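Only one chain is shown below, in structure tokens, and it's the form predicted on its own.
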Amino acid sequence: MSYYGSTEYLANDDFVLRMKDIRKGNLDLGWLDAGTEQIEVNAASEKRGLTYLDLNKGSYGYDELPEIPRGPRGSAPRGAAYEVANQADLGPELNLKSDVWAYKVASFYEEAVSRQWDATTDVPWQDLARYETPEEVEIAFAQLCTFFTEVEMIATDLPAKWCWRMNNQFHEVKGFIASQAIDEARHAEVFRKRALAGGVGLMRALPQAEHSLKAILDSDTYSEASAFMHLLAEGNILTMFRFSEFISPTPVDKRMFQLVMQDEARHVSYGMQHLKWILDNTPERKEQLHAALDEAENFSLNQFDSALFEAMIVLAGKGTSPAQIKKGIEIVGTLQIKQIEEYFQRLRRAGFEDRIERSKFRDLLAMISLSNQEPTLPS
């Protein structure tokens, strides 16, 4: 224990006497009149049920929550009565709305809790044995699953790192990133299971990925971490999920990627809407985010040279013959273009279009002479 109570209650005469009075029926009942706001809430949709959006009213709502909520710094929920003098200060570090908030965050939370799936039963594992996959393709797929297992566990750790540091006035955000931690743990689970279920097992952990993941975890602020993880890293992973569904060796794998994509798209959307909120409400932080993405992009470039992309070439070409490798290189080259183009699209949608001129990925496109090729992957 590192936090101790100020009183030894069983040795406190006032406390013991009060407990005895309550047992005798001498209740105070002062709590019956908390003085909090009474409102009427109803589900806007009976089918959808009662949501956070339906509770967005008065002192319980979030629309009127100011940039600096001068409320409690402990566990008291927004709208509850509290005594500042007697409340434990949990020392939250993220106390500005712009530190964590995103447009539509309550909707993201509601979607997250309504679309949970089970990596044990919602993937038809029993069907995997029905399909014959060439050995080198199965090994390449196991390498891809190893990479995804690696990155998705860090995407679990990051929300957990920051959630407890947020002021409890922002409980919609805390609920959403807690749901993200659950999503990402499930992603790590499903990819680990797939690598083993194919009979190959896990392959090589990639140092390029691990340095990038450490940089995400070590970000100085939550918003910098969100820009790196949600906007850039998870955005790239989302593109890879779509690509991986396209080249999946079996229908079982296609179903797996369909499930993880719905979660990943939600996380990326939160990151875009958080960035947009920052730029709309605290534009003075733009240069800080530029600097963070400068280094984030630098780390991401390193992943274009790794066993991961060789494995994806084998998967895309469906083998290791010269003709298959040539075809795989063409398809993976298209993926690289798609990753960069979709990253730029996310920047535009977040209102950060001037980032594109500064992006290291522009130089990458020029360097590898890919900018004039037309992507052919399905959208």
Partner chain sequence: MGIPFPSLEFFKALQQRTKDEAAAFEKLGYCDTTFGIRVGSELYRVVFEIYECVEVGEGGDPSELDFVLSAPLDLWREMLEAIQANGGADAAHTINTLTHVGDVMKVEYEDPEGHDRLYRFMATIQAFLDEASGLDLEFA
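Nothing here was measured: the structure is a model prediction, and the numbers come from that model. Residue numbers count along the first chain shown, from 1.
Another form, the form predicted in complex with its partner chain, is not on view; read the next lines as being about it.
For its partner chain in the model of the complex, the listed stretch (107-115, 162-170, 182-190, 135-143) containing residues with heavy atoms inside 4.5 Å is 107-115. Remark: none of the three candidate residues (Lys174, Lys214 and Arg362) comes within 4.5 Å of its partner chain in the model of the complex, counting heavy atoms only. A heavy atom within 4.5 Å of its partner chain in the model of the complex is found for one listed residue only; from Glu210, Asp122, Glu93, Asp127, this is Asp122. Though its partner chain is absent from this view, in the model of the complex it lies within 4.5 Å of a heavy atom of just one residue from Ser321, Asn26, Gln38, Ser45, which is Ser45. Looking at Arg242, you'd find a heavy atom of it within 4.5 angstroms of its partner chain in the model of the complex. Under a 4.5 angstroms non-hydrogen atom cutoff, its partner chain in the model of the complex has Phe246 among its neighbouring residues.
Residue contact check for Arg73: none of its heavy atoms lie within 4.5 Å of its partner chain in the model of the complex. Among residues of the shown chain, Val100 is not one whose heavy atoms approach its partner chain to within 4.5 Å in the model of the complex. Interface residues of 263-282, taken as those with a heavy atom within 4.5 Å of its partner chain in the model of the complex (partner not displayed): Ala265, Arg266, Val268, Ser269, Met272, Gln273, in sequence order.
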